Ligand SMILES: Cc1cc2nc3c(=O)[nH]c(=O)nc-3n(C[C@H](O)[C@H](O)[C@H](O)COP(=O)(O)OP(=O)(O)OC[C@H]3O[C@@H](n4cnc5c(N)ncnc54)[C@H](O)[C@@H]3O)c2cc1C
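Just the one chain here, the form predicted alone, laid out as structure tokens.
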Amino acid sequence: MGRYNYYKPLSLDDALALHDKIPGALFIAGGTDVMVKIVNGDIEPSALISLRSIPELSGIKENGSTRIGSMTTISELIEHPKLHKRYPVLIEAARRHSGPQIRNVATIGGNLCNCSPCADTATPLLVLDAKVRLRSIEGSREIPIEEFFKGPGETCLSSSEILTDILLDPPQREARAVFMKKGRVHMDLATASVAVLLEMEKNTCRRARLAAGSVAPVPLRLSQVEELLEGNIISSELLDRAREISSETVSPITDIRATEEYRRRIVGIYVRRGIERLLKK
């Protein structure tokens, strides 16, 4: 492991200015993934610029819609009293993220920027139609979170940008959502995960959002299943078709944690199970 300088700026402007002056510098949030990559020799930054002491990147603010600072820890998400009522699917996923010690350090921004296909917070944010705000010296921009993920370990962030905020619209009263995760043991990375959000009008699905993790190069929306459900009465036959489509449209790999075939099967089962669970609420 090589030597590098460590900086701890106190404002976002200072962090961006530092990064602009130091070629090869890397922004760091909680560090739970970055430090592993450094130790393993996967990355060799010339400097680390910590975002920990920048107040504007932390905290949760509500004013109709909700703004979550990228440096908000997973534990802070879980402990926030109003998020439980407004976005329970996000809290459900946060509780399945690792263990208490890691949750106290890991940040929601870091979880997303690591861009792992198995990121626990990604699938609930996809079904919630979240947006992310990105900031550089030149200015800021907002994009749907679906456009943020480009590949394993790859986001749409330029090297000079910081993910500053996760933005959520006010929850719809009729919306119901659930998160499910399959791992080998407690606190394991997801072998497969699924988030489902439905808005029902009597027996007819008015709006559907489904997302899956660990079964493609990036966390992804199951748009074909959404199209199948929306505008239709959810019957047993429709649920069978939703399970088939979800299994067919994902592109998992075989690795040490599971086979491709197993992941396809789990996604299909979870899609059907999640829909059935929401219909009973």
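In this text, all values refer to a predicted model and were calculated from it rather than measured experimentally. Residues carry their position along the shown sequence, with the first being 1.
The protein also exists as the form predicted together with the ligand; that form is not presented, and the subsequent description refers to it.
> Flag this candidate site as yes only if Glu62, Leu167 and Arg206 all have a heavy atom within 4.5 Å of the ligand in the model of the complex; otherwise mark no.
No, because Glu62, Leu167 and Arg206 lack any heavy atom that approaches the ligand to within 4.5 Å in the model of the complex.
> What stretch, of 137-145, 111-119, 193-201, 76-84, brings heavy atoms to within 4.5 Å of the ligand in the model of the complex?
Of the options, only 111-119 has residues within 4.5 Å of the partner.
> Give me the residue from Pro217, Gly31, Pro55, Gly231 that has a heavy atom within 4.5 Å of the ligand in the model of the complex.
It is Gly31.
> Just one of His97, Lys182, Arg176, Lys131 has a heavy atom within 4.5 angstroms of the ligand in the model of the complex, so which one?
The residue from His97, Lys182, Arg176, Lys131 that makes the contact is His97.
> Flag Glu92 as yes or no: does it have a non-hydrogen atom within 4.5 angstroms of any non-hydrogen atom of the ligand in the model of the complex?
Taking the distances in the model of the complex, the answer for Glu92 is no, it never comes within 4.5 Å of the ligand.
> Check whether Leu51 has any heavy atom within 4.5 Å of a heavy atom of the ligand in the model of the complex, and answer yes or no.
Flag for Leu51 set to yes.
> Even though the ligand is not shown here, does Val105 get within 4.5 Å of it in the model of the complex, heavy atoms only?
Val105: contacts the ligand in the model of the complex.
> Whether Leu210 contacts the ligand in the model of the complex should be assessed with a 4.5 Å heavy atom distance threshold; does it?
No, Leu210 sits far enough from the ligand in the model of the complex that none of its heavy atoms falls within 4.5 Å.
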